[in-house]
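Only one chain is shown below, in structure tokens, and it's the form predicted on its own.
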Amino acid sequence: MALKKIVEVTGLTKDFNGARAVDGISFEMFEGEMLGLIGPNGAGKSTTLQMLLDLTTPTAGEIRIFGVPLKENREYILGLANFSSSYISLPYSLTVWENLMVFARLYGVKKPKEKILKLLEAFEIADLKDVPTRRLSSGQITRVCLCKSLLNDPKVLFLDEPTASLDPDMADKTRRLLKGFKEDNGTSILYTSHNMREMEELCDRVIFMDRGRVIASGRPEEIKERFHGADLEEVFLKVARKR
């Protein structure tokens, strides 16, 4: 049986003031797959994610999610998707609970109180539910954002360096939680990180970007073999130091 395509990107391009950030990339992500997006700073990863979330309009190319064009089906697609990043902020005047309740209502989550409490406990921040967001550390905010990203049991999840602000213990627990969520729900996850060990551990396939282009894609073992690297970190260093 052929794998179901969840995300299809064709010829995706983005220019900013004459500079090309993403240069005609194409790739697919399948149902239940965790797909890694890796590359040096400035490779175009974040811009690609922003286009997939319809936060930035492509200069050229097409994005199809769940088999339909993103541009014409934005509300439907984003209702079934979610996103988290270590670099986004939440309204500082609201408590953790209030922030999550706002998003739960936006997504039409059934039994939102139960869902929120379950996620807060999973990420070990239930004791912070009544704390204003402005008082949280960067790692605590990251965990709140991860809770937000799982509220609606998304069918496709976009994660931008979700463990960057976490200590090693919480990062390990988060990886286990995300793997379990993917396996239990069949969710497709696009994952960016500069932690190459993390990418090898989590990802079914990886896409390697550099200077806005896809320079390699495949299973981690295939990427290591192609670049003659013992691990993805060695491959990353080879590419970055040839720039």
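Nothing here was measured: the structure is a model prediction, and the numbers come from that model. Start at 1 with the first residue shown and count on from there.
What follows is about the form predicted together with adenosine-5'-diphosphate, which we do not show.
adenosine-5'-diphosphate in the predicted complex is not approached by Gly36, whose heavy atoms all lie more than 4.5 angstroms from it.
adenosine-5'-diphosphate is not drawn, but in the predicted complex it has no heavy atom within 4.5 Å of Pro58.
Ser217 falls outside the set of residues with a heavy atom inside 4.5 Å of adenosine-5'-diphosphate in the predicted complex. adenosine-5'-diphosphate in the predicted complex comes within 4.5 Å of a heavy atom belonging to Gly42. With adenosine-5'-diphosphate left out of view, the stretch that reaches within 4.5 Å of it through heavy atoms in the predicted complex is, among 174 to 182, 28 to 36, 44 to 52, 198 to 206, 44 to 52. For the stretch 124 to 153, the set of residues having any non-hydrogen atom within 4.5 angstroms of adenosine-5'-diphosphate in the predicted complex is empty.
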